[in-house]
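Only one chain is shown below, in structure tokens, and it's the form predicted on its own.
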Amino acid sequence: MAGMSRRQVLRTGVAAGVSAAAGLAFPALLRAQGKPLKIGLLLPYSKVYAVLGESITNGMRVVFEAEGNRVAGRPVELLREDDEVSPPVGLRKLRKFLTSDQVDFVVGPVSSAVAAAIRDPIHQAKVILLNANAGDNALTRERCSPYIFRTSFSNWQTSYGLGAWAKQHIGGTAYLTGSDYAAGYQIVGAFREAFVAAGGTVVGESYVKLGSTDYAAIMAKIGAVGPALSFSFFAGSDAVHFVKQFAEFGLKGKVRLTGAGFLVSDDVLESQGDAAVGAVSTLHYTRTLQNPQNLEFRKRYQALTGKPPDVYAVQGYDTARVILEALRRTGGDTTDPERLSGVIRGIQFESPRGRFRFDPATHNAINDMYVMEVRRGDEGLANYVVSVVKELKDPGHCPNITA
């Protein structure tokens, strides 16, 4: 006790007495106090989706820096690993997080293929994965886990709502295109499901290898059949190439360009320029939303990064908000995965995207999906909301979760 004041001695004694009286009721909580909160960011920081990984990371930084980088008394450490949009690489980096780093949470990935690869190790390790982008439908359906939550979207959600709207407001024939991997097939498939159910006809369908730069063959096919609209899933640099070539091949003005919102989202829109004007898409966020939370978020994100936020930044922001709220409710304790999972299921708050909450039956975010058109308006070149599909839930269910 040398060097301790009488008050410190009394506080120590009281704490010891409380601990003794409570038996082992709070040992994990006491151990957690002051211990770094390690969050493993398994995201692409290179290749086609590099910008997405940086946006998610910066969105999280907005939350934690506002908290002085401490949550429930624990200093926050963001550990970054580049998954290179590669399932083997992502799996190797995840194992490092679980063994060497012993992280409290894993955040990511962007690619559905990487997400599918890391699902089983996450489930076996009982570490909470906050999926901040990858929309693979199976992760909140047949391959769900009590330890996996999606703060972004399911692939189904991003395009199903546009199918009926496009049939009613644009036309009855569509050519479908997408990146040749799981997300491409799921997103295009959800649009097809709704479009055909509404009475539309699909007149052609093509898929292209991720990271392609030449879309001439697809443009020729679209031009040959002359549909009312083209629906696409491309993101990142693929979206830039596709949209610019769509205009260069003379299809703009003849065929209406539509897609899941990643096709013309804020991270690629400036690079696409006027080629994107008139494109219609659906997504759960656009920076033009005028709610108070988004106006504040835009200000803080701009101050931190020097640029406006995009949908990936909001997904990072909401992911960090979930972690923040969860630790406040557990007093900083992350040692009990079952308790942590139960706490996270009940979290909800007002987000820049609108009301944020999880569907307890799937652990997938329930999203308002905005039907948007690219215009030059008060916000400059941006996506402006023309309609809203309210509270769109993924239709799946998780057999491993008791709602």
Partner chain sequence: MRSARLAAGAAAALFLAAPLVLPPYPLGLLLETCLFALFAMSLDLLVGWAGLVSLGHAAAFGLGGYTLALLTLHGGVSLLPALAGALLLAAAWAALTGALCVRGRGVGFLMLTLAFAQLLHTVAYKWTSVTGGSNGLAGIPRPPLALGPLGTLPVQGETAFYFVALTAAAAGGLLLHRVGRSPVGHILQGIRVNEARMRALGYPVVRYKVAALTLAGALAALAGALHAAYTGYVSPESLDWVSSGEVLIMVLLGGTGTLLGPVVGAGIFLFLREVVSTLTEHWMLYLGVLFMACVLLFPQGVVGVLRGRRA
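For clarity, a rigid core is taken as the largest C-alpha set superposing within 1.5 Å between two forms. Predicted model only: the values in this text are computed from it and were never measured. Positions refer to the first chain, counted from 1.
Keep in mind that the form predicted together with the partner chain is not shown, yet the notes after this line are about it.
- Item | All of Ala326, Arg329 and Phe358 with a heavy atom within 4.5 Å of the partner chain in the predicted bound form | Answer is no for this spot.
- Out of 296-304, 180-188, 274-282, 161-169, where are the residues with a heavy atom within 4.5 Å of the partner chain in the predicted bound form? Partner-contacting stretch among the options: 180-188.
- Name the residue from Lys254, Lys126, Lys221, Arg95 that puts a heavy atom within 4.5 Å of the partner chain in the predicted bound form. Among Lys254, Lys126, Lys221, Arg95, a heavy atom within 4.5 Å of the partner chain in the predicted bound form occurs only for Arg95.
- Contacting member of Asp104, Asp136, Asp310, Asp333, with respect to the partner chain in the predicted bound form [4.5 Å, heavy atom]: Looking at the other structure, the residue within range turns out to be Asp136.
- Message: At 4.5 Å between heavy atoms, is Lys244 in contact with the partner chain in the predicted bound form?
- Response: Lys244 lies outside the contact set for the partner chain.
- Item | Any non-hydrogen atom of Phe64 within 4.5 angstroms of the partner chain in the predicted bound form | Phe64 lies outside the contact set for the partner chain.
- Task: Decide whether Pro88 counts as a contact residue for the partner chain in the predicted bound form under a heavy atom distance cut-off of 4.5 Å.
- Result: Yes, Pro88 is a contact residue.
- Task: Look up in the predicted bound form whether Ser112 has a non-hydrogen atom within 4.5 angstroms of the partner chain, and give yes or no.
- Result: Ser112: contacts the partner chain in the predicted bound form.
- Message: Within 4.5 Å of the partner chain in the predicted bound form, counting any non-hydrogen atom, which residues from 107-126 show up?
- Response: Read in sequence order, the residues that approach the partner chain (within 4.5 Å, in the predicted bound form) are Ser112, Ala113, Ala116, Ala117, Asp120.
- Query: Using the core for the fit, does the CA position of Gly211 change by 2 Å or more between the shown form and the other one?
  - Reply: Yes, Gly211 moves 2 Å or more.
- Query: Fitting the rigid core first, would the Cα of Glu142 be found 2 Å or more away between the shown form and the other one?
  - Reply: After core superposition, the displacement of the Glu142 C-alpha between the shown form and the other one stays below 2 Å, so no.
- Query: Quick one: core overlaid, is Gly90 moving 2 Å or more at the Cα between the shown form and the other one?
  - Reply: Where the cores coincide, Gly90 shows only a C-alpha shift between the shown form and the other one that is less than 2 Å.
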